[in-house]
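What follows is one chain in structure tokens, specifically the form predicted on its own.
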């Protein structure tokens, strides 16, 4: 990851969204240990996760080896992207993490009500003051990322990473975000590689989870072709002899924009198949076969005949 040189994370990340929520402290520690044993050193959290417990638990787990891990957090999901809100949440995040410096700070989402110049200047100053090392954005459209990048250049810095949703059945990032990342050397750190659990195969087997318990996820992954693709993934995984989750995360990582999939789970046992994806070699034929399970989004141009 050339854009994160000097603090180069492993090619996979772990998302601590469940720390202090679906995973208690013991389960969180077990997953952290499993990640470290697998060679994973990039950990992702956010100011808003589990009322701050995600940051507190992650910070405590990282304390003994702070220099060996790469820690990202996000601010601005609530309260907007003003200087006051960014600085207030960053200070609280650092206190929870017990870290003077945050390796990568994301704006959690775009704020229409705050001029982007104010947001980016605030991030640039935090970076120049040594409070953060790298600047990222999450849930931004490609035009918003590039606008932020142009502003950042005026302050002598850059957007190093973006965090979009991306998985086998949610492929909108392929239209502009991933090509932009490849062109501009921005690292895509992709969340939901398992599609809220859809791509683990548990729903095809009649299981329950976010898609049956959370209306947002039910709506996000409620389309029949998505479930058809998930069943096809299970069949191919059975044929290949691996867990569907292993294939799902390895497929995300195999895109030529070199995405960093964010793995997550509620227990070490649940996490294990995703960690196996770090070592799975995704050949071109298998990649194409998996991609064929779900229709790709149309290109950004209407000139389809030239695409």
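What you see is a predicted model, and the numbers here were worked out from it, not measured in a lab. Positions refer to the first chain, counted from 1.
We do not show the form predicted together with a small molecule, though everything after this point is about it.
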{"query": "Residue 17, heavy atom within 4.5 angstroms of the small molecule in the predicted bound form", "finding": "yes"}
{"query": "Close approach of residue 74 to the small molecule in the predicted bound form, 4.5 Å, heavy atom", "finding": "yes"}
{"query": "In the predicted bound form, residue 203 touching the small molecule (heavy atom, 4.5 Å)", "finding": "yes"}
{"query": "Any non-hydrogen atom of residue 195 within 4.5 angstroms of the small molecule in the predicted bound form", "finding": "yes"}
{"query": "Stretch from 88-96, 149-157, 185-193, 222-230 whose residues place a heavy atom within 4.5 Å of the small molecule in the predicted bound form", "finding": "185-193"}
{"query": "Residue among 32, 49, 251, 70 with a heavy atom within 4.5 Å of the small molecule in the predicted bound form", "finding": "49"}
